[in-house]
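Just the one chain here, the form predicted alone, laid out as structure tokens.
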């Protein structure tokens, strides 16, 4: 049978967060207990989708809301999204500015497809959420990481960002609150990024899916600060509304001077060729935004306690150090033995997994420059489970230190 040729672009696809699961599954088949600290899915632990959202999905299906919906999304959901953005984030948009997507990942794909061509560059925070790297490459572009400073809680290095701008730059991506570091960017920093974007005439892509999962400080939306700078917002229902497997997200276009008109029209075309997002899930999304919000406060309370424990416990382990996350549910510790005891952070992850069953994600999977020598973990499990996992990590590090 003839060899089937595949495109070069599909060979560039990587997704470190799920790629490491292959190794964990192989180990699990031997009977080993695995501590899955790799994927940011709260519903996989002791968080559950609120009952009124489940009920809304059931009622939508039962009442016949099972046909295709508008490619841009249900009008009432788009309106509810506008009201949420205004109420929580002080962002003024209309329903026509919103496109509903099958999760934020589809939104990233659509935006990158419309922005990036061969040779184009996209500035990304280093470290960054991997699909931004993969989709930039997939469409022929070059991901260019700008430094974020670990010693300053992973805040962006504005001077480094400015130095990375070129005539090929098509967008500046901001992920705030940040995945994988759990950083919450300061308002001053956001304004400085907007000033650079205005100076060079490039749009900002602002990923804000963790906007409601902040601990001590206040989240500030990029679009609420923007005046002349066009902002493409990305958000979704997976995290704050505990709808990870439901796959519901949205893009919005904030452009007071109409600079995003053509881009929006082209993304709408992309929405049409994939028909629509899941109709009954969109109905549930309306209930999520308009119904009780009490679960978010309870979720933050649980996460804050787990964040405090994980941060303190990891910093107690010799050979490990980490900045304190201010939002989301990720922690990004540095492994000081990478480069000596382990050639790479990926080698560390596999060695740790093999000996303890604890699964992290290698930091270089989030950025080959600024993620190196780190790992990303989640503090979603109950503290008792985190304690078991971190005790294993400490024993592993002590053993390796003696070798």
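Residue numbers count along the first chain shown, from 1. Since this is a predicted model, take the numbers as computed values, not measurements.
Not on display, but discussed next: the form predicted in complex with a small molecule.
Site residues 210, 239 and 247 are all in contact with the small molecule in the predicted complex, judged by any heavy atom within 4.5 Å. Residue heavy atoms within 4.5 Å of the small molecule in the predicted complex occur in exactly one stretch of 275-283, 202-210, 82-90, 300-308, and that stretch is 202-210. Of the listed positions (108, 193, 184, 173), a single one reaches within 4.5 angstroms of the small molecule by any non-hydrogen atom in the predicted complex, namely 108.
Among 104, 115, 267, 226, the residue placing a heavy atom within 4.5 Å of the small molecule in the predicted complex is 104. The shortest heavy atom separation between residue 154 and the small molecule in the predicted complex exceeds 4.5 Å. Residue contact with the small molecule in the predicted complex: residue 179 places a heavy atom within 4.5 Å of it.
Contact check for residue 252: every heavy atom lies farther than 4.5 Å from the small molecule in the predicted complex. In the predicted complex, the small molecule sits within 4.5 Å of a heavy atom of residue 129.
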